[in-house]
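Before any questions on how it binds or moves, here is one chain, the form predicted alone, in structure tokens.
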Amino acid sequence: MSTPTIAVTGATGQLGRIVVRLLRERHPDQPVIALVRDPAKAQDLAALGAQVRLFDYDQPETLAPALAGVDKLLLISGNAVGERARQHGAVIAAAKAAGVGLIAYTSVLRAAETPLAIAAEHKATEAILSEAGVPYVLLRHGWYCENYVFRIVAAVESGTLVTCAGDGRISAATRQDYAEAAVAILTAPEPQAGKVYELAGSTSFTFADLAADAARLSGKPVAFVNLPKAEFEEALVKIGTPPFVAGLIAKSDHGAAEGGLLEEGGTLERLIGHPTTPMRSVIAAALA
């Protein structure tokens, strides 16, 4: 049998670029298609041997042609909050029409019951996949370690790390870890259709842990401050955070307080064959 062709959406994004690179490095005989909005930004991927195709969630006419000959599609969720279900639905319809044999979708941790506010669009996309009758596998991601880097750097400068997460624990992993899992699933010899992977970091931490690690690694005092959600969101706006972004941050931190970002099943570690990158290592690299 011929080696299946794998396509990756959002291939010039932070996660997609890593997935394409890993596919080319670890499976050099694997045909890989990088689906991108701007091919000019994918020259590095073309240099690795990936075929680059124009693919814009908001330009439906680009979708079907770009999926010709694709056997497996990694559908990386878009970043246009509020528009993602519509965008993903267009991609799924085009993939079905093109005869794609498997869609792997990057959803959110425990999408069916999570308290996280961002889950609505992921749940909607999972429903679209189910109703479309296409073979699919769900890669439900926990939080990215990188999501906290800018806040930790700012906390070292200000001397306080403010949140509304309380003592909620967070099982975060790096984009590299999640990308390795995607590659493992996309290249697995056994069928993946119908599987659901709850993916999260090998270890967990609280915001108090983040403040303590930031202080230790920077040599500067960093106090942990917990506020009610509304006060925290208001504080973010007062320091210049756009209201929409402040709302997203407050909602995600509040979701952590409700247990939405804790997952201790160890699925990600087993998939990639090693423990995920500790948050402490990410902080050390950011402050170096």
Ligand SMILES: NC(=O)c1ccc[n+]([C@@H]2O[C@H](COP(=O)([O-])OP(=O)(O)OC[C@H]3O[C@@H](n4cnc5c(N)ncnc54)[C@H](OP(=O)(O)O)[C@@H]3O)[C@@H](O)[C@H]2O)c1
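We number the residues from 1 along the sequence you see. Just so it is clear, the model here is predicted, and its values are computed rather than measured.
The next section is about a form of this same protein that is not shown, the form predicted in complex with the named molecule.
Shown alone, this chain has one stretch from 81 to 89, 159 to 167, 207 to 215, 96 to 104 that lies within 4.5 Å of the named molecule in the predicted complex by heavy atoms: 81 to 89. Using a 4.5 angstroms threshold between heavy atoms, Asp58 counts as touching the named molecule in the predicted complex. Remark: Ser130 does not count among the residues lining the named molecule in the predicted complex, judged by a heavy atom distance of 4.5 Å or less. At a distance threshold of 4.5 angstroms between non-hydrogen atoms, Thr276 is out of contact with the named molecule in the predicted complex. Contact check for Arg175: a heavy atom falls within 4.5 Å of the named molecule in the predicted complex.
Residues His141, Gly142, Trp143, Tyr144, Asn147 are the members of 118 to 152 with a non-hydrogen atom no more than 4.5 angstroms from the named molecule in the predicted complex.
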